[in-house]
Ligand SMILES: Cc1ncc(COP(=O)(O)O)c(C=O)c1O
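Before any questions on how it binds or moves, here is one chain, the form predicted alone, in structure tokens.
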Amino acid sequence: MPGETEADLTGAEPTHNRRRPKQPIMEIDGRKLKPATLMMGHGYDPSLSEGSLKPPIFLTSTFAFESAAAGKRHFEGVTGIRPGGAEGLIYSRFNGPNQEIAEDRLAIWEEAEDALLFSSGMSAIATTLLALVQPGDVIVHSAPLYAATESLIGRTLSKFGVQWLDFPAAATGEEIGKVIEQAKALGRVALIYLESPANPTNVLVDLDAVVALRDQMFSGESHVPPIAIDNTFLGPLWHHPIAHGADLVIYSLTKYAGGHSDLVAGGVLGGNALINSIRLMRNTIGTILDPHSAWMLLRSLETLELRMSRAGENAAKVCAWLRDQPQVEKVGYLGFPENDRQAHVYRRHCTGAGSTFSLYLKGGEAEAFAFLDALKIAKLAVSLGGTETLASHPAAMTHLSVPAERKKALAISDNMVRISIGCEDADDLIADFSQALRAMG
């Protein structure tokens, strides 16, 4: 790269081969810049890409080294001989300019030390578990989880002797402590894995209580299990788990971060030590996000705050209307906590109620299907967090593979509809839901 010296390439100073500015601007006149501002240019220097205002898409499988010494140094990072990952570009299974710029920007939202991008939310989860869990270990997790996550832990990892115990998302500290104690009796507790709010019930986990219990129950032990939390439903705008003691934050970036229902991606954020371990696993199994999707994610991050804020405002208005309708049994929306405990968790953890909620209709599957089939503005599709409003039936779709008894225990019922509110006009959405409720008969 222009301006680099041989000392940069061979000595202790890192090389600069990432289309990143050497000294990114994080503050002006002592004022710390907000994430919404930093999304417009952080981690990218136009002068390193022919003056292009936006990062080009780097569609290449491999990158030329400045020297043999630089290549060796980069591979020392990739192989873990030197922690921190590669200091330059090597090969697109390991890193790339688009991915690294997006990782830099994603980390800002959580004030995380580092971040990694993956080809999907599930590849982020799978890579994390493979990096941190050993045969014979025990995983403690909240319930319910996204169905594929439950399958990965309960069906796939169990083949390798991994055991698991869970607790309800709404569990008290005492209940959570009992489960952790049982898990310790079974073997090494490798990880405490949370999903909050739970998918699809929208119940919050008391992260503060989990962190306090973990710190107390593993104090002085050689291995203290990290706490990982899937923050897809609320992050990164309405909940910041690292600030509450979580070690890793996991995302399906397909959802709010991508936000346009046109890409599939995942992310993991956290401290350097854990991220380094997960990066080594990603390098090995090749679950990195492709450059084009990373470039699209950069586009989306620029409007993340605007989109999520509008969707959240819409959801508050729509849910306030829905809960008064005669066809509605209950609205599982964070803005309407079911009890004082959930209200207390919400006040401590969240800065907003989000835009995804569970709608419980009076009736069963037939009534839920009639409602879904009658929608005209809202789209009948799985996923969430897009600019458009989406509605689906978890029991028959995303959580179909969950055994019937477990679905019943977790309140994933036939009369539940999951709705993700988008950026349309709120009154238009209310009109659509009104006619769909009437269509139930």
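We number the residues from 1 along the sequence you see. Please read these numbers as outputs of a predicted model, since none were measured by experiment.
This protein has a second form, the form predicted together with this ligand, left out of what is shown; the following refers to that one.
Student: Identify which of Val133, Cys350, Ala212, Met122 has a heavy atom within 4.5 Å of this ligand in the model of the complex; exactly one of them does.
Tutor: If I apply the 4.5 Å criterion carefully, the residue I get is Met122.
Student: Looking at Asn95, Ser142, Thr128, Ser252, which has any heavy atom no more than 4.5 Å from this ligand in the model of the complex?
Tutor: Of Asn95, Ser142, Thr128, Ser252, the residue with a heavy atom within 4.5 Å of this ligand in the model of the complex is Ser252.
Student: Counting only non-hydrogen atoms, which stretch in 232 to 240, 296 to 304, 325 to 333, 95 to 103 is within 4.5 Å of this ligand in the model of the complex?
Tutor: Heavy-atom contact with the partner occurs in 232 to 240.
Student: Each of Tyr146, Asn199 and Val264 within 4.5 Å of this ligand in the model of the complex, by any heavy atom, yes or no?
Tutor: Yes, because Tyr146, Asn199 and Val264 each have a heavy atom that approaches this ligand to within 4.5 Å in the model of the complex.
Student: Would you classify Glu150 as touching this ligand in the model of the complex, given a 4.5 Å non-hydrogen atom cut-off?
Tutor: The answer is no: Glu150 has no heavy atom within 4.5 Å of this ligand.
Student: Answer yes if any heavy atom of Glu195 is within 4.5 Å of a heavy atom of this ligand in the model of the complex; otherwise answer no.
Tutor: Yes - in the model of the complex, heavy atoms of Glu195 and this ligand come within 4.5 Å of each other.
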